[in-house]
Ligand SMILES: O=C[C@H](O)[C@H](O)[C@H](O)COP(=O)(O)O
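Next up: a single chain in structure tokens, the form predicted alone.
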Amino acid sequence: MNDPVENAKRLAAFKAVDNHVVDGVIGIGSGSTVVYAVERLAQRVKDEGLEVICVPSSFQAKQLIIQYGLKLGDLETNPELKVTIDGADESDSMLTLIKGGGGCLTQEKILASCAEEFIVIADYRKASTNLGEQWSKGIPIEVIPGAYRVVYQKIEKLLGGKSDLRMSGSSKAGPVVTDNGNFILDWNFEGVKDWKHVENSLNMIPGVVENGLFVGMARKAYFGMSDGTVMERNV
């Protein structure tokens, strides 16, 4: 694999699956790095007879699980997970994460909360000391469609910064719609020091479904590096 970013994603994903997946129920996150995690998981099931049930965080994750012939589950029948493996848009040195660039933040946070351990996989571009160093698109916030204007006014009054309704782009006119049928606001923050306070404050605003700040949830992160090594962060 010649692309250094894709190779980095693959290295991180493979190491996490090898180190943390045992028989049981596994939460499968979303995004480009998770593709490699599912690939490795399927290989281990084939080679080692690993017995796993995979619970997806999104339509994309569900399709990956089906594509690789893995056993599909859900939280209704499997509410407790051994481990959830997921990517991140950015991680600070304390493993506070920004997630939701792909719009699946609510399901991803639910899966992370149900797992005995939540493991992050990413490439070197996602590893920062402080949030906002590399990820410039803001913090995703899933909102009830009819409340988006009220919500972004309250966010700006309460926390400052600026919020934008995420739009679909050229192929479809109008806002991005999540798997839950909601809209996404991207909040560009300024001078935040207490991320737990921000996470709680956002979720107390009526109309907010969930936000893409994951504070104190990740136990370990694997970052594939451009030189072919994997950097590990623990908290």
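The structure presented is a predicted model; accordingly, all values stated were derived computationally and were not measured. Each residue number is its position in the shown sequence, starting from 1.
Below: the form predicted together with the ligand, not depicted.
Taking the pose of the ligand in the predicted complex and superimposing the nearby C-alphas onto this chain, the site is open, with no ligand atom within 2.4 Å of backbone or C-beta atoms. For the options L111, V143, I119, C104, the residue carrying a heavy atom within 4.5 angstroms of the ligand in the predicted complex is C104. The three residues I28, G73 and N78 each lack any heavy atom within 4.5 Å of the ligand in the predicted complex. Taking the partner from elsewhere, D89 is found to have a heavy atom lying within 4.5 Å of the ligand in the predicted complex. Heavy atoms of T33 reach within 4.5 Å of the ligand in the predicted complex, making it an interface residue.
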